[in-house]
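Included below are structure tokens for two forms of one protein chain, each presented in isolation as structure 1 and structure 2.
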Structure 1
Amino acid sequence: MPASYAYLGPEGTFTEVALRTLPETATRQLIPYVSVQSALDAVRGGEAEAAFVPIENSVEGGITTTLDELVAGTPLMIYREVLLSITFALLVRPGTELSAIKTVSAHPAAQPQVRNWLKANLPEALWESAASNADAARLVQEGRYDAAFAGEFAAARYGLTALETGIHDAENAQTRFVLVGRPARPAAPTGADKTSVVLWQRDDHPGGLRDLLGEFATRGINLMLLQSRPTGAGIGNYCFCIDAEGHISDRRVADTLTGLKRICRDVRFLGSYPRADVVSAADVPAPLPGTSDEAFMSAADWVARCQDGRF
């Protein structure tokens, strides 16, 4: 298997910074791709071992391009997640003053995070969307725009200066990235894990979604993300991307997935992987009473004994 990771490029974006926080990248070739789709296709086609792409953002919510790619096509699996705090720097050519900025550029996803800052500081500046924040920086370098919103780390690469740093409309703005590979046995549980699935309801009836969520709730499993995505069959037809606490080797998670497989039209397992929002298993609350592995095993034993008349 080629020892390379595909990622959503170009170089010098938040995605690359997040990817380099993974220790294993030291021994991998990191190859930028022009889109989430092409990065994931590189994994599907065997050109890359894994792909690293954004999947959720605390300002914009689930990143639909990525979710839609994972929901459809050849199945892929999530192996790791990374959380990165996102603050922007205003990058300009050396010598440019704030009052001289007439045009600003960045990826459209940056806009809601810098909107208030722009209104307060550059109310007259014209917004021009770019293919990425790094691309916006490049276009500033080339003189096409006056300023770009990008990570401060992009300044050096494009010969620019950060006129302002730490720009972020929402406090605690974070983006969540995932490392995606071809399906294989998930890594062993760490005690602080997350499981991702996609659910398609069998039919549309009152309480249908409530019943799906009941499979998690009756086993004491908290949800971390529920994002509906259109199935393509017209307005009102949705499947559900769900992140839940726990690992598929936990009895409560395996039992939940078994229940979902019974009652859903289809279930796609997207992986069990370590949570990036906690440092260690000690930070994760213990399973609710009656939902630990021990509780599941002793209850199954009891039913087996009853079936034998030995209770």
Structure 2
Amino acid sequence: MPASYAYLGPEGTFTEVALRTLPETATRQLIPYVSVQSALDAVRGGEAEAAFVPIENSVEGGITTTLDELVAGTPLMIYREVLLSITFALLVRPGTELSAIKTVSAHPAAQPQVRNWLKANLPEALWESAASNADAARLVQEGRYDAAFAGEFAAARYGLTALETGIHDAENAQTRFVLVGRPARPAAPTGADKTSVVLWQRDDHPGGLRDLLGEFATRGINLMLLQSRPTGAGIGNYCFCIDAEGHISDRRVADTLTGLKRICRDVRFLGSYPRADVVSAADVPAPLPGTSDEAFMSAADWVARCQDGRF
């Protein structure tokens, strides 16, 4: 395991709270970085062995900054994921009243999760984005902004007061975080796994996305995330970030990746790792008929026998 973990800082972020749920952090050095990009660059540059960053929330979907960093640059690989329930507190300098708040700050991903609360309680407040929710709290401490949306636990760290707590527009909101390192052999399958890839189409044609998704559908693989991201090559040019059920060692997943590699201009494997939303393999539905490892092996054996004239 890595000797040090980089994470989206500063201290007091939801990222740090989620990271500390991993048992091995008790014996690891945790290093805060000012942005997702700098945390991942620390891994690419050898300053840290792994980085822990947010990648998806249940309100707005994929965190585009993280997805774009995994799509571009030197390849990295996801080794683990953590789910954290999210609720915000409105942090202010001691003595600040709600009526005095003219500016609020938080990470951009927080805004969709508190939009309705803001409209109802601070309709005239100006929103200013920060590198992280904890950084927004730091900026409030310094007097740059009047209030920050962050975890209530960050108040003591930055000498602030939680004026309001339990703020969220969506019940049971969660954020997914991932531990990212340099490419290596994936961990052994657990039976409750997820595989992440990025796909680039060979060309733009009618039904192109259908062709990509068909590789998963015909093998009975359920998708858990599908998000398009611009390639930077012009309007209409996109790649696709996909999370799918299963592990690369599963025959149906390996066969799907083989098919995608055949029809795509490029495929980037981002890792196979244990799912955080299930307790055990017993909670994962059985493969559809004809898509189990046994079915693939039986079919391959039949083809081999046909080739040998033994059908």
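For the two forms, the rigid core is made up of the largest set of C-alpha atoms that agree within 1.5 Å on superposition. Residue numbering: sequential along structure 1, first residue numbered 1. Keep in mind that what you see is a predicted model, and the values were worked out from it rather than measured.
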| property | result |
| --- | --- |
| Which of the two shown is the form predicted in complex with another copy of the chain | 1 |
| Domain assignment check, rigid parts between structure 1 and structure 2, Gln111 and Ile63 | no |
| Whole-degree rotation of one rigid part against the other between structure 1 and structure 2 | 14 |
| Angstrom shift of the Cα atom of Ala130 between structure 1 and structure 2 (superposition on rigid core) | 3.9 |
| Angstrom displacement of the CA atom of Ser99 between structure 1 and structure 2, core fixed | 5.8 |
